[in-house]
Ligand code: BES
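Heads up, the chain below is alone and in the form predicted on its own; it's given as structure tokens.
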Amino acid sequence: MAHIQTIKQIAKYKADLNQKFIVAGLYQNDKLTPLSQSIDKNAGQIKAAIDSGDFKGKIGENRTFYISGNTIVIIGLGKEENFDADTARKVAGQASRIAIQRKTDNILIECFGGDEYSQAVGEGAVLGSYQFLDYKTKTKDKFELTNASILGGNEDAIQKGFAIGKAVCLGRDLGNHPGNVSTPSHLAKVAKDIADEGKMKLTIFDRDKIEEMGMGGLAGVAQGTEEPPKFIILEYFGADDKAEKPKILVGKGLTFDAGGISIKPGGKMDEMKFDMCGSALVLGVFQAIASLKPKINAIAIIPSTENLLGAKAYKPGDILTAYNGKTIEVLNTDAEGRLILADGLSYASKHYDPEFILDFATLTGAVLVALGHIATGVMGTDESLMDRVKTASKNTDEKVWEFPLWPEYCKQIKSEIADVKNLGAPSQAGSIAAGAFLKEFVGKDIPWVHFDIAGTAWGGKPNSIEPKGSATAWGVRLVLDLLNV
């Protein structure tokens, strides 16, 4: 992992601090932040730049000053009355990006906005420092920002932000690794590392057990690959009352998707390594849980395989039987994510009495048509749970948009020869049809929300906390906020 490895909090600024690269702020109303004032008290260079009209403090605008042997970067914070957690997060991320550009491995960042934004600054500093360098061999391409100090703020909140930032970076790494590395077996190994750190129970079913248990969706998709499929379960019971209903997260772990017999076009097929980003999100959340040890009960379920084509691959027209006994007519083998999730949702519903179930999947290209790379499509069965999702979305600025699951849509996935089919009406409401399909495998009285992250898991416009050409691990922060971690 290439990102900040340690963050320490410094309570008070002193001119003789052993920090050569310092980042402070300026609001758009020409108001210097406390650190900027302290630095500029004698030299006056920052104030001179403001008075000249050269520096206005717009969000992201920055200027570099060299004062008393230190490199001082002042970043614009925008209008003070509009400053919020997302601004703090992105400005802290920009500070890290600037440090990497200048090849400094240690940075002092002001806690922009004060104690209230400590967690956001901690998150942003880590997220902005993220780079995926695992396969770079030239030293000149591998500079990393490894250490940061944050001036002011709340120590506990900063460290929480640091832990959440690291969890997001884990999710990004899992998505960015190629399909020959980030295999189902690799996901199982990462789950074991998380289980060991967080003292969680880990259960892994292999191909024989998957078939024996009647997980026909996962077993069917896995027929075409020699890579061993895995059904991964992580159980964390941290609540004071161990009998408290657990919150269940189900993540699609399709580690490479060629489309099966319904093969995808060759163009951009390399991006199908990202088809396991639902599982990366879930493992990122559980990495944060392992680190922060919240008083909640939570369970992760990850059905994982490749979707390839060959002599043994499942075919259009096949009938599969899911773990809950429902039969599925396969009309397109490239609509495979919903098949493996069917077993994950069925298992969660049968073996637990959950408070709710959330599932995450790069499920449909249709959601990209509807929402682009800006928002995740969500749909579900419980209004109260959906309200909590939307609140967490606002808190973290990870955007969601709700689609309806009306009966008219649900009828479209009924099959003539089986219980359901894995496609809806041709060229209509593809994302909703996928959600309607998944609904068939969730227990009747269990609150449930489905997240289609096909547009947000990678490919969006980069910014100070979202790297270019990378998996995003979208949703890790949203889910942690929802779980009150």
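Residue positions are given as counts along the sequence shown, with the first one as 1. Note that the coordinates shown come from a computational prediction; the quantities given were computed from them, not determined experimentally.
If you look for the form predicted in complex with the ligand, you will not find it shown, but the lines that follow are about it.
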Residue 264: heavy atom within 4.5 Å of the ligand in the predicted bound form?
yes
is_contact(residue 73, the ligand) in the predicted bound form, heavy atom dist at most 4.5 Å
no
Applying a 4.5 Å heavy atom distance criterion, does residue 432 contact the ligand in the predicted bound form?
no
Contact between residue 363 and the ligand in the predicted bound form at 4.5 Å, heavy atoms?
yes
Looking at 168-176, 118-126, 327-335, 102-110, which one sits within 4.5 Å of the ligand in the predicted bound form if you count heavy atoms only?
327-335
Contact check for 205, 230 and 306 against the ligand in the predicted bound form, heavy atom at 4.5 Å:
no
Let me know the one among 65, 27, 55, 458 whose heavy atoms come within 4.5 Å of the ligand in the predicted bound form, would you?
458
Looking at 272, 157, 85, 187, which is the one with a non-hydrogen atom within 4.5 Å of the ligand in the predicted bound form?
272
Along 228-260, which positions have a non-hydrogen atom within 4.5 Å of the ligand in the predicted bound form?
252, 257
